[in-house]
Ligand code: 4AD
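The chain below stands alone and is given in structure tokens; this is the form predicted alone.
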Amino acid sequence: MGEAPKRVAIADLGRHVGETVEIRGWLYNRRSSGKISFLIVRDGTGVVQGVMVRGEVPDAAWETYDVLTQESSLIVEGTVREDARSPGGVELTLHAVTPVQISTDYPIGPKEHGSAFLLDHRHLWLRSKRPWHVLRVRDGLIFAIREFLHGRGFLCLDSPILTQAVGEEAGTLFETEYFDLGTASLAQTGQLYVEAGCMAFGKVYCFGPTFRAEKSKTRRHLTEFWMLEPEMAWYDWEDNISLQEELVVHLIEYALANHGDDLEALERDLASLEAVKPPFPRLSYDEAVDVLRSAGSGIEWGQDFGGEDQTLLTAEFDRPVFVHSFPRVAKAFYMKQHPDRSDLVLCNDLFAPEGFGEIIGGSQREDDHDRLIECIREESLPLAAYDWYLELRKFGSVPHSGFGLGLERTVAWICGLPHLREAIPFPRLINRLSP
């Protein structure tokens, strides 16, 4: 009895040319031309074409062609051979095909399906080509983010999901009763907690899900999304902007170097990503308002930028654009007052080109204890909920800054996706809680 074929992943087949191997996976598609049958097999790492020739395989293997259906699980054995026309540059000459479970009436066929149907079947849609490539890019960007930060001495500090402290707008909270302690909220941000962390470790970040009960149906909003939030002691707002720029450049370079095939499969214009080089343009809020008004926007001074304004603003640039020094009335309570103008704060937004909108918001934080109390009161927030946050300004307060990068918005930009719902495995929208 001969030695059993080595089990390998499809992604590794290029290293096994000439060898007989075993693949365990699912049938992605099939076709036949009489005496030759083709089985397209996927295993999660890639897709490979297996070829069977009648008379050159056992009858049992040949007859499986008529039994197998889309997404049936199976084990195949075959010899790896080079084929420049095939995905990955190889294909399999099949010797044996063993069905494991025969799929019946798989709902997602090769025909066109509407977005609502595909989202209803998201648990199955993940197996299809487009989401498979998108979520590989997402995974790569998560790795690249952590690689970048740890390479610069950051510590990951997980922030709580359940909290009493409001980080953004009080009107966009998901609330729940919390035992005998009153009402808790799902975190809108981990920022307040990583501010505590940076006073202990210098440079920290949290990276996890955040929640906004915002009744928005735009393509740029989810009710649950992932956000990277670094916080750095002794960084002023300009140090903060420089770090953001370095990070975004790193993510683009990583995606092009490691996920070019995925991006090409998504028909992404790689030239537009290759143009993302430092330095990024930097406009003050006042300058940006002038640009928008010249472009036909009716924006009033003091308003934050909506989606249309963000698209208009970036239309003239081939790379992301920083806008800094926003009016206090447009931003959160914890941002530090501008030293030259009391009506502004030391903050920035970073807008991606091609109409993909804001991907980062950051600021220098208010480090003065008494001034921060004033800011909390001005927002009519419960002062007691911020006792611990205020103590950070009583015991060794220092200048510090941080930012939040929306992962799904970044994935959508890099992949060229029209809607954030494709940039997360299971999107949560105001009208969607399943699957």
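Keep in mind that this is a model prediction, so the values were computed, not measured. In case it trips you up, residue 1 is the first one in the sequence shown, and so on.
What follows is about the form predicted together with this ligand, which we do not show.
Residue-level contacts in the model of the complex: of Cys415, Ile23, Leu13, Leu420, one residue has a heavy atom within 4.5 Å of this ligand, and it is Leu420. Ile360 is the sole member of Met232, Ile360, Leu92, Leu346 with a non-hydrogen atom within 4.5 Å of this ligand in the model of the complex. Proximity of Phe333 to this ligand in the model of the complex: non-hydrogen atoms within 4.5 Å are absent; the residue sits far from the partner. Put simply, Phe201 is far from this ligand in the model of the complex: not one heavy atom of it is within 4.5 Å. Of the heavy atoms in His400, none are within 4.5 Å of this ligand in the model of the complex. For His324, no non-hydrogen atom is located within 4.5 Å of this ligand in the model of the complex, even though that partner is not displayed. Residue heavy atoms within 4.5 Å of this ligand in the model of the complex occur in exactly one stretch of 221-229, 271-279, 178-186, 72-80, and that stretch is 221-229.
Contacts between stretch 281-310 and this ligand, counted in the model of the complex as any heavy atom lying within 4.5 Å, involve no residue at all.
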